[in-house]
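One chain follows as structure tokens, the form predicted alone.
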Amino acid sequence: MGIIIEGNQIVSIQDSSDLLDEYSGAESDADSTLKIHDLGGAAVIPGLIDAHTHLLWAGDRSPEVRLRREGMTYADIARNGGGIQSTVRATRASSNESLFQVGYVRLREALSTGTTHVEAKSGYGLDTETELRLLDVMKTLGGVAHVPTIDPTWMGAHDVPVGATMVGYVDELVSEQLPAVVEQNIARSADVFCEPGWFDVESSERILTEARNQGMSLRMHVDEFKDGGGGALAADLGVESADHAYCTPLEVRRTMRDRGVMTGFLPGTPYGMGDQWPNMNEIQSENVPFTLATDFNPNCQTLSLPFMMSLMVQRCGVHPLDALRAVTVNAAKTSPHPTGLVHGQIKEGAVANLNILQTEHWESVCLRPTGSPFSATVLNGQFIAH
């Protein structure tokens, strides 16, 4: 089959021989803008969508790898000045220019492994000024050519800043940060880290309800370390995506499914943090829809969706086609393309985001965890060789 692209959109999918007959000789016309790419039978899949990233942050928390192996938990590290608060200090001290540069480098890295669109969260500012700066830099990055497009999410509710109380900070979030984000129109969604020790169910519900009342879509981090009621709240609110969800009870997963909540699994987190893996056989037997994403953050510094797919296929028994669906069509349901066009699919009228495999077998996307399985990516209609 052959694919015709005009601008940033797929306009036609036809038999290759018919297209060659139709366009024979046109490429050599001096006035023609036509370009023909013969893929030699290589497989083509949609551009990949990373539906959960913490794209922008500064600093280095590498010593936490050692601390975890010495017996400290995520919460222990946070109580001793590490964790999110460490990244917050470094991010607040960074200029917009340095944040832009690090974000650009990361987006180019993501593109090299086939990602054409990312959801990106703030959350390493924890004050109005820095949260707005992070979202503003994301907006600027989203307009740069030859990097994945961005779906920005406000996550001021990532942690409680040093010196603040939970009650006082939640008041600040709903009375100061949220109105400023909405006024500047620089985030589509709101997210909350709903987890015991961070934002409890009551605080999470207040923040998310107010965000919805002000026109924002809703996302959540839930049940990462234990069942803290986050999944149940996600179902009650009918949020777009409830992510992590390693400890969500099966009956709650069923309710989330019935309420249209997508579960976001982030296999890089248990890989790097030693957490438990979800029981994918049980989850898939209940027809629970899910996405896969990188959760790129200071403790999970990879932007490779093929690596995430490989982990789920090789370690959790997920079928390669389900893994592919999770980073394309399912991910598109929770993170729309900024043009409003369909993405995550190869169909007429969709955004021209495609990945060209190095072989004729699409399953090879799951077999290159340490490199890119792609010879090229078509990003918004532009052919980019790797």
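Numbering starts at 1 and follows the sequence shown. Just so you know, these numbers come straight off a predicted model, no measurement behind them.
Here the subject shifts to the form predicted in complex with N-(iminomethyl)-L-glutamic acid (NIG), a form of this protein not shown in this document.
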property: Whether H158, E224 and N299 all lie within 4.5 angstroms of N-(iminomethyl)-L-glutamic acid (NIG) in the predicted bound form by heavy atom; result: yes
property: Selected contact from E240, E131, D151, D295, since only one has a non-hydrogen atom within 4.5 angstroms of N-(iminomethyl)-L-glutamic acid (NIG) in the predicted bound form; result: D295
property: Interface residue in the predicted bound form among Y169, F100, F193, F307, criterion: non-hydrogen atom within 4.5 angstroms of N-(iminomethyl)-L-glutamic acid (NIG); result: F193
property: 4.5 angstroms heavy atom contact with N-(iminomethyl)-L-glutamic acid (NIG) in the predicted bound form for R61; result: yes
property: Non-hydrogen atom contact R253 with N-(iminomethyl)-L-glutamic acid (NIG) in the predicted bound form at 4.5 angstroms; result: no
property: N-(iminomethyl)-L-glutamic acid (NIG) contact at H343 in the predicted bound form, heavy atom, 4.5 Å; result: no
property: Heavy atom of H117 within 4.5 Å of N-(iminomethyl)-L-glutamic acid (NIG) in the predicted bound form; result: no
property: Interface stretch in the predicted bound form with N-(iminomethyl)-L-glutamic acid (NIG) - options 333 to 341, 356 to 364, 49 to 57, 313 to 321, non-hydrogen atom within 4.5 Å; result: 49 to 57
property: Those residues of 108 to 130 which, in the predicted bound form, come within 4.5 Å of N-(iminomethyl)-L-glutamic acid (NIG) by heavy atom; result: Y124
